[in-house]
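Only one chain is shown below, in structure tokens, and it's the form predicted alone.
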Amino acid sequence: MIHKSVFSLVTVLLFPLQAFALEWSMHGSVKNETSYFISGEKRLDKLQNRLDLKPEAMLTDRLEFRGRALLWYDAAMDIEANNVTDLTPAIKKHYRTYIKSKEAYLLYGGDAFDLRLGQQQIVWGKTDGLRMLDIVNPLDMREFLLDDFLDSRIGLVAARLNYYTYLNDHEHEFEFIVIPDARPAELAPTGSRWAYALPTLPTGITPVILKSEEPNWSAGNTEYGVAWRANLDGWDLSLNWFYGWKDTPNLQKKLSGATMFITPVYSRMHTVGGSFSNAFGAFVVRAEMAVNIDEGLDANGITAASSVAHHTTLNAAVGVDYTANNWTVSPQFFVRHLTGWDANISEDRTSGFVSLLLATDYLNEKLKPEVSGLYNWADRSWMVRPKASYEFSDHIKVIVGIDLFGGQSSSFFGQFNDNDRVYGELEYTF
């Protein structure tokens, strides 16, 4: 696997660093994350002890190495008893341990450009919580959307060139990326409590999930992207184009007798869009738009041809951040529209989300309570996440919180109605 070879590269590079690096450092954290399901079957969700390592080395005055490795052991998988539904031996194995490289790349800084070669995370867009332009790196969705994107993004081996120039007294940045390491999102294993629900089938029909053909490291699967960024009269602007694979699969169905064979299939698409933001006193206005050309969509058919459709989708978001008197209020509105829609397509012609973040701080910014929420106005499902953090020192932080879900059991958030949980985190950074 590519991630294992990259992790080995990090190890090889680190051991001889003292022999040839001008400067090197190791930062990171040790963290415990514990969560407990308070709805459905009440039990431990995780008792995770993890190590996060971030090595950096200046190899020359222009060349440096940056890396990040994340590993953990989840004791809940050994404490909780096996069952035949959501805690099978295979599911436990998936969640018990994790050893992966998140980033491992060389950065060369020229006079007017930066060149990055290796495994990296490439972040586009202006939205929080949901992704439109930020689609370059797929996500590890073992816990749905609850992980921070910095942890859930899957690092990809890529070549990334950022070129800087002045035009009409304004600095412009041009970014070019080539990714031979095409990979899909890593979904929660089928049967686990964080797995997406399968489509509803007629009574008496048995589903059988077949192995998918995922995009991988090959010349024919290479992804490409270009972005332009500039600040013009206070406006942060970007234009983006990406040609790659849709990270999540569509479900291609074929009915044979009383068996429905379901094959996850992946398709390419072009994404064209842009973003802007500007500050007006205590307010920051930001927005982005992404047009997905020939996006794969699930349909209601029972044959390979009728169960997956391809159409252009329009996706847009606008948000406002208000910060004053130790308070941050940040609403966002997301909308998605399908061109060429017909009644056979599984999702609505127009759908979207509303989000809200409320945050403040006390005790000289040591105590930071906040609450965030997402509401899907198409299916009326929701997720609310109140939490509070307390910093005992520059190195020690505690977080407690609750994750709550609501809506019909067939809805986007409502499918996780039985996964309400309380959690706590204790982290030491170095």
Partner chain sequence: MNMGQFALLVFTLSILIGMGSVLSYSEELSGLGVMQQVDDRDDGDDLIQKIHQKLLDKRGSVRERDMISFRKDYGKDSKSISYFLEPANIRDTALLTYDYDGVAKDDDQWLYLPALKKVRRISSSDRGDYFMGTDFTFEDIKQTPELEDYYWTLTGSKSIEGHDCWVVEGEPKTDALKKNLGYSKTRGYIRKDINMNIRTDYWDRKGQELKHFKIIEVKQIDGIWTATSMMMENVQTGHHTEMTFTDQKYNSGLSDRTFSERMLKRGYRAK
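Positions refer to the first chain, counted from 1. Computed from a prediction, not measured in an experiment: that's the story for all the values here.
Absent from the display: the form predicted together with the partner chain. The rest refers to it.
In the predicted bound form, no residue of the candidate spot (Ile302, Ser306 and Asn419) has a heavy atom lying within 4.5 Å of the partner chain. For the chain shown alone, Arg193 is not a contact residue for the partner chain in the predicted bound form, no non-hydrogen atom being within 4.5 angstroms. Contact check for Arg66: a heavy atom falls within 4.5 Å of the partner chain in the predicted bound form.
In the predicted bound form, the partner chain sits within 4.5 Å of a heavy atom of Tyr390. Among residues of the shown chain, Gln408 is not one whose heavy atoms approach the partner chain to within 4.5 Å in the predicted bound form. Checked against the partner chain in the predicted bound form, the residues Tyr98, Trp341, Tyr164, Phe333 give one hit for a heavy atom within 4.5 Å, which is Tyr164. Among Gly257, Pro202, Gly281, Gly220, the residue placing a heavy atom within 4.5 Å of the partner chain in the predicted bound form is Gly281. The candidate stretches are 202-210, 99-107, 182-190, 244-252, and the one lying within 4.5 Å of the partner chain in the predicted bound form by heavy atoms is 99-107. Residues Glu56, Met58, Asp61, Glu64, Arg66 of 39-72 are found to place at least one heavy atom within 4.5 Å of the partner chain in the predicted bound form.
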